[in-house]
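The same protein chain appears twice below, in two forms, each given on its own as structure tokens and labelled structure 1 and structure 2.
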Structure 1
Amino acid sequence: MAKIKLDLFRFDEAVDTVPHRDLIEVEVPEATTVLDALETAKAEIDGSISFRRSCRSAICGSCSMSINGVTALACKTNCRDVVKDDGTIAVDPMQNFQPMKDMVVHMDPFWDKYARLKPYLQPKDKDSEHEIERRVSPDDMKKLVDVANCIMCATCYSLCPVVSVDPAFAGPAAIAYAYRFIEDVRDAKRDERIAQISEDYLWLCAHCYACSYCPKHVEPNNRIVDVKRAAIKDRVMMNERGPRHALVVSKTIKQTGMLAETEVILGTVGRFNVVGLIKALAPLGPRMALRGKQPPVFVKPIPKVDEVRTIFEALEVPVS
């Protein structure tokens, strides 16, 4: 047995104006989960401690919470792996959500973004007009299997730094789930779906891979890239800054072997978009120039840049 001190966030929106913390000591088996430790505290010490849980085996997705500052499923996190040197484990509600009671949060923004996807199959004809099952080859299904493992626990959404500064961003789970229908051969709304998720700021993903912590290995970080590639392949909303950025980076690497910073800024914002450029660069641009830190206007191609161009051509990489 081991003694663990749970450093708990306590708050009840019905009565409290500010949260406080409780330090509760429990005695649990050496290799117990954070969820079991919480259950012990609730059963033996304070029955009012609130947290969502159901399956206890990483299937239902209820028990996501912040454990020592990083969101994870409490049922899949072993105390032994997270306990600090002073014997405590800090437990808080998921970040990026409004707390309701203790570790229970208002999940509405997460569900709203999911609902916007129309997360159901939209085939060309109605099921009632369709006399046999809709068959999918194993190869077509294989790429959807990982996403189908999503348990909507919102771990990724809670860890997402873009959501934390811009709640309009769809978030990793919704984009991964959009991929599940975009790449489904039975679905007839591929381009509408790509356009809709682009409007919900697909391209605002910051490439931070925080969502690679997904407890079900959905890897939303990779699915986001898949959806972006689908958008470029189908040429959907290509005038947005996101796809322009990806293509101009690709173009400067093909031309010079390097990511040419000045060209990338002009190509992303739009070289004739004077207002946009001023907003993107002022007052940072002049400040950098004063310190001698502005990127060069022209980048000299690397030696043997023809080899880089050969690679781009062999793979038919789009650059515009």
Structure 2
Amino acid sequence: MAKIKLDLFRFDEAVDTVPHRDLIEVEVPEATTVLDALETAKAEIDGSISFRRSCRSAICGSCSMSINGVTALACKTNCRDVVKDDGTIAVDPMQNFQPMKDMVVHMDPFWDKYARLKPYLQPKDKDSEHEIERRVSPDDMKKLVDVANCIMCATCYSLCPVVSVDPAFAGPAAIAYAYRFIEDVRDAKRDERIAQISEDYLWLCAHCYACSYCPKHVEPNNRIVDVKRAAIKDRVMMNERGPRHALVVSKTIKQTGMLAETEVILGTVGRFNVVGLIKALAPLGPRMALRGKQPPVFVKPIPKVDEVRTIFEALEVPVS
């Protein structure tokens, strides 16, 4: 047995104006999980401790919470792996959510963004037109297996810094689920889905890979890249700044081996968008000029630019 001190976030929106913390010591088996430790504290010490849980097997996704500052499934996190030197484990509600009571948070923003995608199959014909089920080849299903494992635990959403600064951003889970239907050969709403997720600020993703931690290995960070590729391939909403920025960055690096910053600004904002260019350059341009950091108007190719172009050509070839 081991003694563990749970440093718990405590807040009840019905009665509290500010949160506080409780330090509760429990004696549990050495191999216990954080969820088991919380269950022990609730059953034996303070029955008012509140948190969501259900399966205790990393299947339902209910017990997502912040453990020592990192969002994870409490049922999958072993106490001995996260206990600090002083014997404590800090437990808080997920970031990017409004706490309701202790570790229970309001999930409405997360589910609203998910629902906007219409997360169900929308085929072009009716079920009655098929004598048997809608069959899909193994090859077509391979690319959907990983994302279909998503349990909507919101861990990636909680870890996303873009959601922190702009709550309008759809978030990694919603974009990953958009990919699940965008690439489903049975679905007839591919362009509509790409347009919807683009409107939900797909292109705000900064590719920081904070969402690369996923308890079910869905890898939403890679699915975001896949959805952006699909948007460019299908030329959906190509007049938006996001896809224009991605294309001009790729173009300048392929041509010169370097990022041509001047060309990126012109290509992203629009060469003839005078108002937009003034807004983009007015606050930044003079400061860069004063410090001698203004980018060159013309960028010469680097000596081994052919090697860079070879990388681009290799990446553009489908890998079987």
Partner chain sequence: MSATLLPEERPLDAHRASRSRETKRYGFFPGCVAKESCKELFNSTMLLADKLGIELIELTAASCCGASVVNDVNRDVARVLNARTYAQAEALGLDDVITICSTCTGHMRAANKELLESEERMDQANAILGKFGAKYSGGVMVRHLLWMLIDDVGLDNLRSMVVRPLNGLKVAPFYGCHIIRPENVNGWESARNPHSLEDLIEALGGEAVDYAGKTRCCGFHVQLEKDGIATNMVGQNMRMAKDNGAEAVITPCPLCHLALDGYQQDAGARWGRTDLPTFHLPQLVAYALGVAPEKLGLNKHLVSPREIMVQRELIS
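One-based numbering along structure 1's sequence throughout. As the structure is a prediction and not an experimental result, all values here were calculated from the model. Superpose the two forms; the largest set of C-alphas matching within 1.5 Å is the rigid core.
Only structure 1 comes from the form predicted in complex with its partner chain. Residue 55 shows a C-alpha shift below 2 Å between structures 1 and 2 [criterion: core-superposed Cα displacement of 2 Å]. The two forms, fitted on the rigid core, differ between structures 1 and 2 by 2 Å or more at the CA of residue 280.
Positional change of residue 140 between structures 1 and 2 stays under 2 Å at the C-alpha, relative to the superposed core. Shown is the Cα shift of residue 307 between structures 1 and 2 after rigid core superposition, which amounts to 4.3 Å. Core fit done between structures 1 and 2; CA of residue 294 shifted by 2.6 Å.
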